[in-house]
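A lone chain, given as structure tokens: the form predicted on its own.
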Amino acid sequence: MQLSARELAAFLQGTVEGDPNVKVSRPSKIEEGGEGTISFLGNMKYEAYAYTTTASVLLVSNDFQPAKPVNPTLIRVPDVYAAVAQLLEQFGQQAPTTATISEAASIHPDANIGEGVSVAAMAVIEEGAQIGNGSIIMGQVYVGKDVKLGENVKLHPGVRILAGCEVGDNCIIHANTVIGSDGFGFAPQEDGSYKKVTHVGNVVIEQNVEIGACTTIDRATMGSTIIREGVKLDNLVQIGHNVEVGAHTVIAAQAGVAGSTKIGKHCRIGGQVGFVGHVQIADGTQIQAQSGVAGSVDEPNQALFGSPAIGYRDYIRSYAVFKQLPELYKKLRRLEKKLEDQ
């Protein structure tokens, strides 16, 4: 696919500076460039590359003022990162393929397969499963008994959706993710052993959710573990039993959420954040990477940092002090010695 700078500007609702007829066929990183590519300058730390890049077209913000001559044709847009998202979606589109069901797939005769569904080789679809129109089931996917998939769901290779779980329309689940595994529940016994607590609930994933590779979402003990509309989960995220993640919350890689925790809407959770169980996290909470959340967050739109997590600004001020503790301790010891010598 080739597009001219003029066509791209119209698509991105931007303005052209330079040759509007120059054509590009793929995106590139600004430091790599290449003739016939389009790149972008979204972070001014990379401004130096704007003057050396060999890309044919460069996306910049409306307020970018070059300090030196720039060789590529510029397309100015109000929001560079939003434009890049549109651009990558455009270049990432693949030609539509004919819906096919592989002879090497195993589909139970009592499964309900919608129109335009693709099922690849070695996929397994069990009894009572419902697959919505236009969904794509890639190789070695397992769809368990009575699972419900909405329309236009895309399951990448190796995904496991276990019995009774539900996935809404337009969801994307990446490779080797497991939905509906048993939660981590064991009752201590008098002899010191542990008895497994049977989990009879399910997982409900609402529409427009995207889940990264190798993530696990445990089924509820009773009721449902719920991932609300528009949630984005990174790779290697662990969601415990009976957790609820609010609409349009994003959680980065290696975060772990213990059972029965309720995370609000529009929260932003950094990588390797850990939550204890049975806490409530208010809407709009932002949590810095590697923080530990040991209690409920009642006030919305707070930024937290640390382990246990405290207010972000409080943590930064505290860090400025405690990183000096070794030197302060030496000074204290010297003062104590002077007092002892007097």
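Just so you know, these numbers come straight off a predicted model, no measurement behind them. Start at 1 and count along the sequence shown; that's the residue number. The term rigid core refers to the maximal set of C-alpha atoms that superpose within 1.5 Å between the two forms.
Note that the form predicted together with a further copy of the same chain isn't included here; everything after this is about it.
- Taking non-hydrogen atoms only, Glu210 approaches a further copy of the same chain to within 4.5 angstroms in the model of the complex.
- In the model of the complex, a further copy of the same chain lies farther than 4.5 Å from every heavy atom of Ala99.
- Taking the partner from elsewhere, Ile310 is found to have a heavy atom lying within 4.5 Å of a further copy of the same chain in the model of the complex.
- Of the heavy atoms in Tyr315, some are within 4.5 Å of a further copy of the same chain in the model of the complex.
- Taking a 4.5 Å heavy atom cutoff to a further copy of the same chain in the model of the complex, the contact residue among Val204, Val80, Ala255, Ile113 is Ala255.
- When a further copy of the same chain is considered in the model of the complex, only one residue from Glu32, Glu299, Glu35, Asp63 comes within 4.5 Å through any heavy atom, namely Glu32.
- The three residues Asn176, Cys214 and Asp234 all sit with a heavy atom within 4.5 Å of a further copy of the same chain in the model of the complex.
- If you take 237-252 and check each residue for a heavy atom within 4.5 Å of a further copy of the same chain in the model of the complex, you get Val237, Gln238, Asn242, His248, Val250, Ile251, Ala252, in sequence order.
- Taking the rigid core as fixed, one finds a CA shift for Gly306 smaller than 2 Å between the shown form and the other one.
- Comparing the forms between the shown form and the other one on their rigid core, the Cα displacement of Lys45 reaches 2 Å or more.
- The Cα position of Ser25 differs by 2 Å or more between the shown form and the other one after fitting on the rigid core.
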